[in-house]
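Next up: a single chain in structure tokens, the form predicted alone.
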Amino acid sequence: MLNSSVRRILAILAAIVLPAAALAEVPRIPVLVPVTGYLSLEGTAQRNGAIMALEADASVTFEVSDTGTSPEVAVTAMRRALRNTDVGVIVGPILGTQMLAMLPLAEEYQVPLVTISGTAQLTEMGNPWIFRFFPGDAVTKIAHARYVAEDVGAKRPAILYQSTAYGQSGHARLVEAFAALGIAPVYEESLDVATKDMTATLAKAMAAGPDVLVLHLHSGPTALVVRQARAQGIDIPIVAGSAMHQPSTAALLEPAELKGVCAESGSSPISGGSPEMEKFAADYRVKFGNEPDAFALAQYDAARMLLAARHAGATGGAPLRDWLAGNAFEGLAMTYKSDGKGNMAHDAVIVCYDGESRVPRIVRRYQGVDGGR
């Protein structure tokens, strides 16, 4: 029989390891996404993709929580979710500042944190619990810059980027990618997400004599820049970030305003390309009454990989972390495989609008951009 001292020691040890052990046993998946605030379009797409995948598998339970755009709200939502000992993984928000705030909790509780955020820093901090299913800036910005240089043939880009962590990350990678191509931007300016009047910004950018406008902005600001640029008679090519590929962003503009506009993205489900992709898009339209985008598809693929892990016996905690780190998954958008840092997505596409429709055409594909496939 154990004496009281030994029992106390065992109780203490059990309390220490309880979070990781309990998290690994029962599959419960909190989906923490921004469905209000300036990232609501992106966050809603992310939520919808998760719902489509998770509702199709009765062996898991899930709940959706709105994180808005505050890091504090996201951390609170994650702490609340982790009070339940049956949580095996967290689906984190697309917003980089929120994900950065949540990373320490993932390590503390030893719970995998899955995201589609493109902020480069997330997978550069040595945290083994983060898995990114949307191509990060190290992938998309290389494709972005290469398309500008190689296909558009531009040599004098003006870059407008968001002042958020997302914007700063993308801007830094763009400048780096352009430098590798022997190109220096003629103008660079960061924009607050609350900025509505782009007149002065566009005037300053055009005064520098650019031959292309390069955007790395969230959805609403992207549409504002495109509309106001066209209203001012600016007719140079515009090559935007992934927000522009979203049908919800294109819906804010007239087809004629979109002529000469292209965008980088991880995929473009609305553009079709395979029977499986077209079925996904059709099912999405029926369920949600609107068009899917790359964020919805990336989250759908991520959730399906989590389900594949579950059916392989890795339900959460360290077993799930190791399974995600060591296995490849054939998704609809691409093949996902960790590069050792948690970057799972390594392909990108460029889409362009013809001025007649809000449905873009995929004009260029880049595979294994970062060598991670």
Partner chain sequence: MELLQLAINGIALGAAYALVALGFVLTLKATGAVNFAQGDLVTAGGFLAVALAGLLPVPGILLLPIVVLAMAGIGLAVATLSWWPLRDRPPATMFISTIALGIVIQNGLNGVFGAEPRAAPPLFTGGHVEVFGAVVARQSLAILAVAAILIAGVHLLLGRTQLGRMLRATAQDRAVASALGIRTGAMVMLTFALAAALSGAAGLLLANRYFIAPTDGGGFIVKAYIAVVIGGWGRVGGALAGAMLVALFETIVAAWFDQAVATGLLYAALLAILAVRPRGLFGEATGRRA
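Positions refer to the first chain, counted from 1. Here the structure is a predicted model, which means the values were calculated and not measured. Superpose the two forms; the largest set of C-alphas matching within 1.5 Å is the rigid core.
What follows is about the form predicted together with its partner chain, which we do not show.
Name the stretch: of 219-227, 85-93, 169-177, 265-273, exactly one has residues whose heavy atoms fall within 4.5 Å of its partner chain in the model of the complex.
Answer to the contact question: 219-227.
At the 4.5 Å heavy atom threshold, is residue 232 in contact with its partner chain in the model of the complex?
Output for residue 232 is yes: heavy atoms within 4.5 Å of its partner chain.
Is residue 194 part of the interface with its partner chain in the model of the complex - any heavy atom within 4.5 Å?
Output for residue 194 is yes: heavy atoms within 4.5 Å of its partner chain.
Heavy atoms within 4.5 Å of its partner chain in the model of the complex: does residue 248 have any?
Judged by the heavy-atom cut-off of 4.5 Å, residue 248 is in contact with its partner chain in the model of the complex.
Would you classify residue 200 as touching its partner chain in the model of the complex, given a 4.5 Å non-hydrogen atom cut-off?
Looking in the model of the complex, residue contacts with its partner chain include residue 200, since a heavy atom lies within 4.5 Å.
Could you tell me which one of 35, 325, 318, 60 places a heavy atom within 4.5 Å of its partner chain in the model of the complex?
Looking at the other structure, the residue within range turns out to be 35.
Heavy atom within 4.5 Å of its partner chain in the model of the complex: which of 65, 338, 40, 48?
Contact check passes for 40.
After a core superposition, would you say residue 331 shifts its C-alpha by at least 2 Å between this form and the one not shown?
It does not, since the residue 331 C-alpha is displaced less than 2 Å between this form and the one not shown after the core fit.
Rigid core superposed, CA of residue 48 - does it shift 2 Å or more between this form and the one not shown?
Residue 48: C-alpha displaced by less than 2 Å between this form and the one not shown.
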